[in-house]
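Take a look at this single chain in structure tokens; it is the form predicted alone.
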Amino acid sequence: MKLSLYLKDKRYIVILSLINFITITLILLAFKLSKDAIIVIDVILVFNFILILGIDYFRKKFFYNDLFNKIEQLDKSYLVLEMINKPDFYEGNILYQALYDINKSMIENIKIHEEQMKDFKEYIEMWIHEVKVPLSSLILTFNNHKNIFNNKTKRQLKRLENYVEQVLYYVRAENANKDYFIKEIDLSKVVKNVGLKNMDDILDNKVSFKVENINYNVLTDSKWLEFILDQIINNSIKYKRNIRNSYIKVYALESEDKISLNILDNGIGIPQSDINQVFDKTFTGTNGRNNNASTGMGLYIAKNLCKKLGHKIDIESKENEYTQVTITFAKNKYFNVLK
């Protein structure tokens, strides 16, 4: 709180006080008081005015400075009322009460919004599970009557299944805190499940699926990790190069404090102009614009899920050579000691 701005705000009071000071002085002169008496009275008046203004200024200065300092320190500024003392001056009490009412209204609205989001999330999840039943039936029908349906039908079913999965995990990642369960899982089993799920696409696209050195246990949610790997491997298949030795290589590396799972392919790669945006929402980039099947959501959801799980996901690529996605799992020494 600046003194200059405070005095500017109080300029009418200062002007009126100055007029009163001059008026009192003239009255004292009219009554022919001695000059010494008039000077003493004027000094007392000026001193009292400065004292009253000073007390008012510093009382407000301490409150408002404390208020704004607390706001700057807090990540959630609306919690500031929990951190400050109630002011002992009238204007401050008005502000405090206004902030209290605003805060109360905001909390009530957030509660309503959370209830609406919860209802929406539950509906979407229910809808997805209902849709997956006929979708699974269609896939089963296709597998049992491959002579009737062509590969185009299979690709469309696969796309539909992937989009349904994306919606499910997008809702969970954006609106839930308790939809995952972290425990120690066998990394090789997760990779095997993802490989089997994508086996038809891998074979149809003549891609070699290589798995090396993945016999590690990591702390994660197995279903969420399967979805993350599924999105990455789908991209590797989708953006493969038309060469004879196309491959996807999955391998793990261990260090003292982490385990890194790497998914490497020799596909078309990602332009350097796009590499920093591939995890952005709905970003499809140069490759996506050339591929109508791209939504720009897969890696965005994967990044969000990794963040929720406490994992780190990175990507590096060189155009027309390779793309490598790395998921890093931190080791939990406390867990390892007690297991």
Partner chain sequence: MQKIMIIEDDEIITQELKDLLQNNGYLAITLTNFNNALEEILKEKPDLILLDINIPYMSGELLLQNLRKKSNVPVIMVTSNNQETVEALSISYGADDYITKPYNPNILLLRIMAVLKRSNMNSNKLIYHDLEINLGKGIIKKDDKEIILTKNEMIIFSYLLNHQNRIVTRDELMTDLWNNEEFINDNALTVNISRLRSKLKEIGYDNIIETRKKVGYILS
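Positions refer to the first chain, counted from 1. Because the structure is predicted, anything quoted here is derived from the model rather than measured.
As for the form predicted together with its partner chain, it is not shown, yet the points below apply to it.
For the chain shown alone, Leu79 is not a contact residue for its partner chain in the predicted bound form, no non-hydrogen atom being within 4.5 angstroms. Taking the partner from the other structure, its partner chain in the predicted bound form has no heavy atom within 4.5 Å of any heavy atom of Leu219.
Within 4.5 Å of any heavy atom of its partner chain in the predicted bound form lies no heavy atom of Ile110. For the chain shown alone, Ser188 is a contact residue for its partner chain in the predicted bound form, at least one non-hydrogen atom being within 4.5 angstroms. Looking at 89 to 97, 69 to 77, 262 to 270, 131 to 139, the stretch with residues near its partner chain in the predicted bound form, meaning non-hydrogen atoms within 4.5 angstroms, turns out to be 131 to 139. Distance criterion of 4.5 Å from any heavy atom to its partner chain in the predicted bound form singles out Lys192 from the list Lys192, Lys104, Arg155, Lys118.
Taking a 4.5 Å heavy atom cutoff to its partner chain in the predicted bound form, the contact residue among Tyr251, Phe209, Tyr239, Tyr170 is Phe209. Residues of 192 to 209 that come within 4.5 Å of its partner chain in the predicted bound form, judged by any heavy atom, are Lys192, Gly195, Leu196, Met199, Asp200, Ile202, Leu203, Phe209 in sequence order.
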